[in-house]
Structure formats: C-alpha cells, structure tokens
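Quick heads-up: it's one chain on its own, the form predicted alone, in structure tokens.
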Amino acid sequence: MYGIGIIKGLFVTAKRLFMPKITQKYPEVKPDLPPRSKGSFAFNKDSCISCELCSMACPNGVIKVEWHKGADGKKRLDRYRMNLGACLFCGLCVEACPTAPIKSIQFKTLFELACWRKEDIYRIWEKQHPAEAAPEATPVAANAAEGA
C-alpha cells in the first residue's frame, strides 16, 4: 500500500510532540558531552616515541610526523602536524598509539573547530630539544689565521 511510510513518519512526529523538549540554547549554554565524545585532539609531545603508527593508521593521511635520530640512535620528535580539514574523526590514530599509560594522542571534548583562515585547520605541535653535544671545535694554528 502507498502512504504507509508517510503515516508511520507522522506517527513518530505526533509522539514526539507531547514529549519534553530536548533543544539546547547553544552557544549560550554549552552542551554536556559524554566523556567518549569525539572532538578535537590533544597531543602529548613528551610521551610520543615517533613510531608513526598513527600516521599509518589514518585513512586520509591527515597526520605527518617529522623526526630525527638523536646521538643515542633513538628517534626524536621534531614536529607533529594534523590537517583537521581532512580528518574523519574516526579515532584510528588514537587506537594505534602504542604509548602507555598516557597515549600521545587523545580526543578532547572541544568540538568548536570552525575557523576563519585556512591555515587554522592545521594543528601543529613542535618539540624543542636541548642542544645536543656538539663536537669540540678544532683549534686553528696561529700562522694559518694570519695567511687568510
């Protein structure tokens, strides 16, 4: 029969008419989000081991990890960049992060991600490293300096 779908839809609408209203007055009143809601990202650059598992798990290639090898042969994080304009907020990067007990990348409940400039959709975290041990300067012979 034709029209049964319309009748079912109107029945749902009529049922909601007599229930309490759930509209929130946003932005004056901020919504109370559940703790597992997906908003923006928080990044802990101190616990990141530069393994790049988050960037490999990302289906859109949103995450770029830049690192260098330190004097001890371990990876040192230089820069961590996310393009939130292409992010699906799927959470695969959070699940792939192997650091424990505090994950390097986590979801925050901050969901207001609108921006005026295109550059603002990028989240960039840079880590400053203390100056690594520089090799000793070789002394220059006095007569070599005079000839120059």
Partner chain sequence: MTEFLTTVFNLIQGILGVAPTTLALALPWMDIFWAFVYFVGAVILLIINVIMLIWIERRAAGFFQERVGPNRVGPFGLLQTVNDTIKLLGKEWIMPASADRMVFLIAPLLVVTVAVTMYGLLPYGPGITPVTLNVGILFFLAVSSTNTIAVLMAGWGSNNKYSLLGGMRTVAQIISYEIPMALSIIGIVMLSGSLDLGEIARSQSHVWYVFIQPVAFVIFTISALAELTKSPFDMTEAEQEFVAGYHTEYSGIRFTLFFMGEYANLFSMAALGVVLFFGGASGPWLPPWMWFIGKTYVFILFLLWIRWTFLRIRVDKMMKFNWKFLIPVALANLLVTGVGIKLWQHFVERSI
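Residue numbers count along the first chain shown, from 1. What we label the rigid core is the largest C-alpha set whose atoms superpose within 1.5 Å from one form to the other. All of these numbers come straight from a predicted model, not from anything done at the bench.
The following text describes the form predicted in complex with the partner chain, which does not appear among the structures shown.
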> Using heavy atoms and a 4.5 Å limit, would one call residue 20 a contact residue for the partner chain in the predicted complex?
Replying inline: yes
>> Within 4.5 Å, heavy atoms only: does residue 10 come near the partner chain in the predicted complex?
In response: yes
> Taking 4.5 angstroms as the cut-off for heavy atoms, does residue 16 touch the partner chain in the predicted complex?
Replying inline: yes
>> in the predicted complex, does residue 119 come within 4.5 Å of the partner chain, counting heavy atoms only?
In response: no
>> Please identify, from 104-112, 23-31, 42-50, 64-72, the stretch that has a heavy atom within 4.5 Å of the partner chain in the predicted complex.
In response: 23-31
>> For a quick test of reading the superposition: does residue 28 move by 2 Å or more at the CA between the shown form and the other one, rigid core aligned?
In response: yes
>> Tell me whether residue 10 is among the residues that move between the shown form and the other one (Cα shift of 2 angstroms or more, core superposed).
In response: yes
